[in-house]
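Shown below, as structure tokens, is a lone chain in the form predicted alone; questions about how it binds or moves come after it.
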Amino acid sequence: MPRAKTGQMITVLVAMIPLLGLVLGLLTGRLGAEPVEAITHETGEWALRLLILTLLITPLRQFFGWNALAPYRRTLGLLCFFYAALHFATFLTFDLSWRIDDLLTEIRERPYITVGFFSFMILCALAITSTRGWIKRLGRSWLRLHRLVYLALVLAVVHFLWLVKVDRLEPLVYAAIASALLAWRLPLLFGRRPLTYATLRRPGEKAQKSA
């Protein structure tokens, strides 16, 4: 089996650990007095973490030249969608009992749900069109569509910020990381190449190492 495939399988297995922890916590009563709230929070936060990791792949490749990470972007993106779907399904099942009218009301009247819902819709579109078949069908439009992942990240961070009422340190940390990831891509908008590790080496550093 190719090394990349093995690494992707390991990535998926590791990403299932938080879900296994939630299942065991639910079965053993360790999720506290409000287990549904705990599941909703954890699945949403893991979706955000995996989305950040997905977008971290490109800077790592550009800065360090770690091109072997390229196949993991799709894997992490689909794992992000998986946890986002669990997050949404938990809310829809236990909070709304699958009442679509109530869902529409929540989307209309609660801004943090509005932005979270649109972030999830973007992730749905990206997950559906992540296959090679869709890449061929959409051509250049595929790249434009998948740039919406940046908007999904912004909306997800805003969703978290607006959801938390008291201690906002954690969502602010995510906001800072997301801002750094988006700032990294600014040079590309102006037709410039991003910085790499090689361009930041001190003069003579390579010669000293090879001496």
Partner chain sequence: MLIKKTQSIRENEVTSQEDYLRRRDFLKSSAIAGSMAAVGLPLLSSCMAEQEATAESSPSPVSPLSNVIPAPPQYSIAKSKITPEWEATHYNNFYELGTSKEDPARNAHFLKTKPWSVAIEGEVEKPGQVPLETLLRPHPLEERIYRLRCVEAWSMVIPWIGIPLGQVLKQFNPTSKARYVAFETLYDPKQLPGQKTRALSWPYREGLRIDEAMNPLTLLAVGMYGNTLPGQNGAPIRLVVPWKYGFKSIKSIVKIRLQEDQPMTSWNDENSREYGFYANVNPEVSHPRWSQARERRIGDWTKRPTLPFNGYADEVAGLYAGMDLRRSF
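Residue numbers count along the first chain shown, from 1. Predicted model, so just to flag it, every value in this text is computed and none were measured.
We do not show the form predicted in complex with its partner chain, though everything after this point is about it.
The partner is absent here, but in the model of the complex a heavy atom of V164, alone among L56, V164, L148, V154, sits within 4.5 Å of its partner chain. When contacts are judged by a 4.5 Å heavy atom cut-off, E109 counts as touching its partner chain in the model of the complex.
Contact annotation: L20 falls within 4.5 Å of its partner chain in the model of the complex, judged by heavy atom distances. Its partner chain is not shown here, but in the model of the complex it comes within 4.5 Å of a heavy atom of R30. None of the heavy atoms of L172 is located within 4.5 Å of its partner chain in the model of the complex. From the list 68 to 76, 96 to 104, 129 to 137, 116 to 124, the contact stretch for its partner chain in the model of the complex under a 4.5 Å heavy atom rule is 96 to 104.
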